[in-house]
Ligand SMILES: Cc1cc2nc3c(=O)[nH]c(=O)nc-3n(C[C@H](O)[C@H](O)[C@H](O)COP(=O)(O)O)c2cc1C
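Take a look at this one chain, the form predicted alone, written out in structure tokens.
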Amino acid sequence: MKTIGTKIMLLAVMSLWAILPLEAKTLIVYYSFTNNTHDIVTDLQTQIEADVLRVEPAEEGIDYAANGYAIGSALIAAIRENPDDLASYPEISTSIDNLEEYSTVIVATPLWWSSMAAPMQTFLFIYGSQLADKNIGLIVSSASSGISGVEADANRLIPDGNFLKPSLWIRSSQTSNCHSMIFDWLDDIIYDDLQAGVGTVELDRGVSVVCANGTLQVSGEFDALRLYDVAGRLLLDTDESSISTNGLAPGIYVAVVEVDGRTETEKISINN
């Protein structure tokens, strides 16, 4: 028979699962006019597993290149004049209603006049608040200009994002041979660890749990460590500081650490 305390703990675990994604998923969201960014994203898809969303302007067939890219220049100028007003941004036809499913979002965009392309700015203006605390990777395509202005736009539009460093800058002339650049960038941002294999729980009293290389390692003084699966089943209940995870299937688990009668509940990713 379960004790009342156990029942409460299981309810807490199940409540946590109700608000956490069950796997580390990646979304690639991009805008492309000349298709350079599209080609970059196409290559990126061969290297990682991710869902893809292409941002499309509401008005179809706009020739941003006409008259020396006058239309695009005017759009950027309007945003710069009043960046806090949605009316300053061009309308888009793209929407999404499941951003909560993704832990990592890769934004791929062209550079326009040292800024992020206007349609992508619209998307991030609308959805940037929903990207808070997510891992944000930035890929920028440009002919020659540096990308600091695009990075500044991204930080403005996603003020609470966890930006992965460095951003990836691919010049137009490098697009056809971008595979190795993307490969190296994924290594630089330690993308594999974002998806699975490393998880950390930290408590106020200096206790932490790190999951890596087939081991749960607890540092600091603690009373108990409990590990639950996605169904709320208790898999481990121990006071040992080093526990092998070799018998556990790769995936997301809930770790509960007890210290002096207090508990901290957090998701842990295991990839044996």
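It should be emphasised that the depicted structure is a prediction, and the values quoted were computed from it without experimental measurement. Residue positions are given as counts along the sequence shown, with the first one as 1.
The form predicted together with the ligand exists for this protein as well; it is not shown, and the discussion that follows is about that form.
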{"property": "In the predicted bound form, segment of 44-52, 57-65, 237-245, 218-226 with a heavy atom within 4.5 Å of the ligand", "result": "57-65"}
{"property": "Residue contact check: residue 32 to the ligand in the predicted bound form, 4.5 Å heavy atom", "result": "yes"}
{"property": "Distance check, residue 137 to the ligand in the predicted bound form, heavy atom within 4.5 Å", "result": "no"}
{"property": "In the predicted bound form, residue 113 touching the ligand (heavy atom, 4.5 Å)", "result": "yes"}
{"property": "The ligand contact at residue 176 in the predicted bound form, heavy atom, 4.5 Å", "result": "no"}
{"property": "Heavy atom within 4.5 Å of the ligand in the predicted bound form - the one residue of 104, 88, 145, 167 that qualifies", "result": "145"}
{"property": "Whether 26, 94 and 123 all lie within 4.5 angstroms of the ligand in the predicted bound form by heavy atom", "result": "no"}
{"property": "Any residue of 162-181 that, in the predicted bound form, places a heavy atom within 4.5 Å of the ligand", "result": "172"}
